[in-house]
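One chain is shown next in structure tokens, namely the form predicted alone.
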Amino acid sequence: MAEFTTFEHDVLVIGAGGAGLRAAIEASACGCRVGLVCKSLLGKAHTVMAEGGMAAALANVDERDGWRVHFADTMRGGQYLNNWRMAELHAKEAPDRVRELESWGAVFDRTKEGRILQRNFGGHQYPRLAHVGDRTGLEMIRTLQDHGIHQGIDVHMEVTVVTLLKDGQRIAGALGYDRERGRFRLYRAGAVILATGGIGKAFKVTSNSWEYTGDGHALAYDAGADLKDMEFVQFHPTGMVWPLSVRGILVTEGVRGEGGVLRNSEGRRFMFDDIPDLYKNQTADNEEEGWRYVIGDKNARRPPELLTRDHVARCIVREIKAGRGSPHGGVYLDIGWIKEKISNAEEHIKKKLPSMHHQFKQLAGVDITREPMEVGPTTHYVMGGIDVDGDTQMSTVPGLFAAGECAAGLHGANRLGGNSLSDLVVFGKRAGEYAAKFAKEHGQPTVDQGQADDAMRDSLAPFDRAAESGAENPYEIQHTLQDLMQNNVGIVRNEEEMAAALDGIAKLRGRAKHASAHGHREYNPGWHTCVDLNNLLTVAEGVARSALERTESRGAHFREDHPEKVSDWGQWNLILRKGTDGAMQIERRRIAERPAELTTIIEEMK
């Protein structure tokens, strides 16, 4: 078989975004030898694309905020399918994680009194997002990297992991290859933490970068771990729609948090047309009141543009389908209108939203201080992922942990904006702590060389197929899958289209067995795409199968053939696991009963 290099670690972290870096830092602080593997270069993690801020109940802008309110907001946004323990821990621990980042050098925006400034965001009752302009994720990564490089962590950049290795039932390590030269690497570890992010590249229009091919989800699934809530995919309401070369690139919710309003082609602020009963007592009744809330009047209610993302996305789709959209198939997002309210509007926008100003100026030729942006929904985040224990973040496979977007539970049926960044550091820390504990208690496992040989053989198979008469182009398979998911399992779903998607995925899986790569292993993106296909097909099937099973509409999952929320479905999570025959199995699992004190908090906050 192919040659490989072996690396020994107590804890191996796969993924170097916010969750992976925080997990590596914590495991190292616990005295473990830590390896950190990332698919791209260090610093290129998708966390840098999280712009608006990180949610934490610091109560710096509104003293009425607290962990109980944050907990209730998170549960309500997730339609109560959340892992209540994770929602509780997140709300309680997020403020400490923000202050920890500050102590490590993060430079947050400040109030006049010098405290960390917080802004409004969709679904949050009070201004709660600690931010650095619209570059919060970038500041988080910079801070964690600057702190982490001094902790003795071994960093392995530009490495794709192709399989997890097991010793009996427990995790034993991973096998990967370096993307530059194509040489295999075997990582032996007492515990493995997956922090690989999301699945956005399974869809045609996405805010996600090229790395988001569902690697962690598929690695865990193939290793025998359970996946949960895969039907819940969040389509961010505002991505760029023009020019086509930048379609899907994120337009941060911070634009709406700073006063941006959504208008249709008639110039009407359409979000007032459809306010859910649940939010009517919290939402502004007119434009003036909505504006007063945005600039910091804590007694006013939130503007309708800051309702939950699933609702805003569907309202935008409604306007487009009704023929009231923008010329390029979106709607208008207008922040420049605030010049009617404040004298220094242009400077205010450039200060608060520097990245957005630069992004539209360079990519679309639009000055957002003077012209409205064209925006539309874009695949953004998956609430579903690896099923983990709320306290330890360990999956159903002993020694395999997960944190961040690839882990399920915190967000339930829909994630609130800003909860993602605090999720990374709260549960990244916990995953690192408990993975280190597991590795110390259980010692080093034995790696089965046969598993590694089989994985290397499978990974190199595309080169052997290049000369076959039925060889398939991996890019064509990927593009076909993205079109299939975008058209059949997108924002609005129905049984017929999702059943067709599953049939299409099965056919594409057959074609993927003949995907071929030409040339040699060095600098070969065609080969990388062949390797990614299994992951993309696994997560695509998981989303489609779970969405077909849930015969209701809830959170980010909307079915036009079952448009109502069904109370009984609110008691169940959908679980996916790989059967002994290799087929994907699905089952319902009743949600664990909440403690009485947490239920009381939810009732009080209603």
Partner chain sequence: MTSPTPVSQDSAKHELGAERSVYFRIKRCDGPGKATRWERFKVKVTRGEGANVLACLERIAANPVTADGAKTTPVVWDAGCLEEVCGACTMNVNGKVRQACSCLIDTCAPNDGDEVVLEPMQKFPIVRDLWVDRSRMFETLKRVKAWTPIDGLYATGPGPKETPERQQERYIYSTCMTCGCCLEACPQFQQEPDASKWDTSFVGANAIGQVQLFNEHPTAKELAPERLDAMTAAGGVSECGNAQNCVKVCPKEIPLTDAIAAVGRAATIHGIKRFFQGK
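In this text, rigid core is short for the largest set of C-alphas that superpose within 1.5 Å between two forms. Residue numbers count along the first chain shown, from 1. Keep in mind that what you see is a predicted model, and the values were worked out from it rather than measured.
Missing here is the form predicted in complex with the partner chain; even so, the following discussion is about that form.
Interface residue among Ile342, Ala322, Ile149, Ala506 relative to the partner chain in the model of the complex, by the heavy atom within 4.5 Å criterion: Ile149. With the partner omitted here, the residue from Ala223, Ala512, Leu138, Leu186 that has a non-hydrogen atom within 4.5 angstroms of the partner chain in the model of the complex is Leu138. For Phe463, no non-hydrogen atom is located within 4.5 Å of the partner chain in the model of the complex, even though that partner is not displayed. Taking non-hydrogen atoms only, Val566 never approaches the partner chain to within 4.5 angstroms in the model of the complex. Interface residue remark: Pro243 is counted as part of the site for the partner chain in the model of the complex, having a heavy atom within 4.5 Å. Among heavy atoms of Val397, none comes within 4.5 Å of the partner chain in the model of the complex. Of the candidate stretches 402 to 410, 309 to 317, 353 to 361, 444 to 452, only 353 to 361 contains residues with a heavy atom within 4.5 Å of the partner chain in the model of the complex. In the model of the complex, the partner chain lies beyond 4.5 angstroms of every heavy atom of every residue of 544 to 564. Annotation for Tyr332: C-alpha shift of 2 angstroms or more between this form and the one not shown, rigid core superposed. Core-superposed comparison between this form and the one not shown: the C-alpha position of Gly519 differs by less than 2 Å.
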